[in-house]
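Below sits a lone chain in structure tokens, taken as the form predicted on its own.
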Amino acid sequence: MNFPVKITEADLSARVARVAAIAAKHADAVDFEGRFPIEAVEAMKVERLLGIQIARDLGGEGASISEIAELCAMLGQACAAAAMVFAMHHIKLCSLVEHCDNSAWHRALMQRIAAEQLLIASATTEGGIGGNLRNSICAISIDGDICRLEKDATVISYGLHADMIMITSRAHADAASSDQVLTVFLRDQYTIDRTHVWNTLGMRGTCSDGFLFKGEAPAEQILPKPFAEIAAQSMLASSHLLWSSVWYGIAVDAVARAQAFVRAAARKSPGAPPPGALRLAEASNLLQMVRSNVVAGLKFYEDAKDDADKLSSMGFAVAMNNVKIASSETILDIINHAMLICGIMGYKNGTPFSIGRHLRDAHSAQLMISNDRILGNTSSMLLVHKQDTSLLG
């Protein structure tokens, strides 16, 4: 078998730059119309970015979480919705890559994803529990070699555009709400009937409608590991790190627009301190804090990646939670600084300095998953866990 040539940073950057250019061209229309960023996603497929995380012996490129985070940040500078679709796809793909446990069916699926550039959606939210992904009301039913599932999925991002859905449920009818499994259903194995329309302030292009999901598939499509392990060892980290990378990208573009505004003002009045220069310096400082936070989180994850005990530890969970909280809160300060720098030209739509879309998209960061829920989980862990404060890690 001929494996793909090992990727280089320059190659990945060039490929995602081409996607970002297309995403940026359509970003305002995606936001205004609340439509799926189809042009950007098609470009991702052309550049073969949807399978890069998969191992090379399965047709992928073995990209690390840090490499994928960099691509999320680059796409976030162009179109937050397109970047979030890319991030959510790779969050779900991470569950397959890290937890298929040599399952022949799931390995064959990854080969298909790499070869056909298939898009994965997620269904973890549910009516009655909201975004508490570690609890389920619905239960999967197994009858011989067949499994069946019905779920009131209040959010399935880009569900109508996905090639498959990875969905959580209780392991069986008598299982506790936290005794969950994760199952892959392919497009021809389920129906989804829309129950809620995604008409939101920001992140409009993720098309995160609600659906009643009904699926039937071979039982071998249930991932072999309990969802509790998948969530603790990969989904928690990949979600917080890749989402934070998208949000960082949004903030980077907002600061770039503010910097362009200040430079234009400086050219008009040579020798005079341009208005907004001090705020720009403050925004730069905050942006570096977010970058450092995400980079440290990525290093922590990469260092712990091959140690299941570390990945399941309270210390790891606290660290990943803190990355998400800090990133999601700080980017709003950064974008507010940029709005004040650009003034009415940032507030208006359709100018080179418009930041309204950035600000609206950024407000989603504290809500997915709710910061209050995350802080509550962290506070419970800190009752029994001493936080690591060493600068050496």
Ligand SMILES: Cc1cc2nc3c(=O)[nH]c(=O)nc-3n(C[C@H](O)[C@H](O)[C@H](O)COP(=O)(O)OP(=O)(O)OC[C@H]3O[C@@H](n4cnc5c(N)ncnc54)[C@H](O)[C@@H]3O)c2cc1C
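Computed from a predicted model, the values in this text were never measured in an experiment. Residue positions are given as counts along the sequence shown, with the first one as 1.
We do not show the form predicted in complex with the ligand, though everything after this point is about it.
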Answer among 309-317, 198-206, 171-179, 251-259 for heavy atoms within 4.5 Å of the ligand in the predicted bound form: the stretch 198-206
Heavy atom of S370 within 4.5 Å of the ligand in the predicted bound form:
yes
Is the gap between G131 and the ligand in the predicted bound form 4.5 Å or less for some heavy atom pair?
yes
Taking 4.5 angstroms as the cut-off for heavy atoms, does A73 touch the ligand in the predicted bound form?
no
Taking heavy atoms and a 4.5 Å cut-off, does S364 contact the ligand in the predicted bound form?
yes
In the predicted bound form, the residue from S95, T125, N293, T183 with a non-hydrogen atom within 4.5 Å of the ligand is T125
Contacting member of I140, I113, I156, L241, with respect to the ligand in the predicted bound form [4.5 Å, heavy atom]
I156
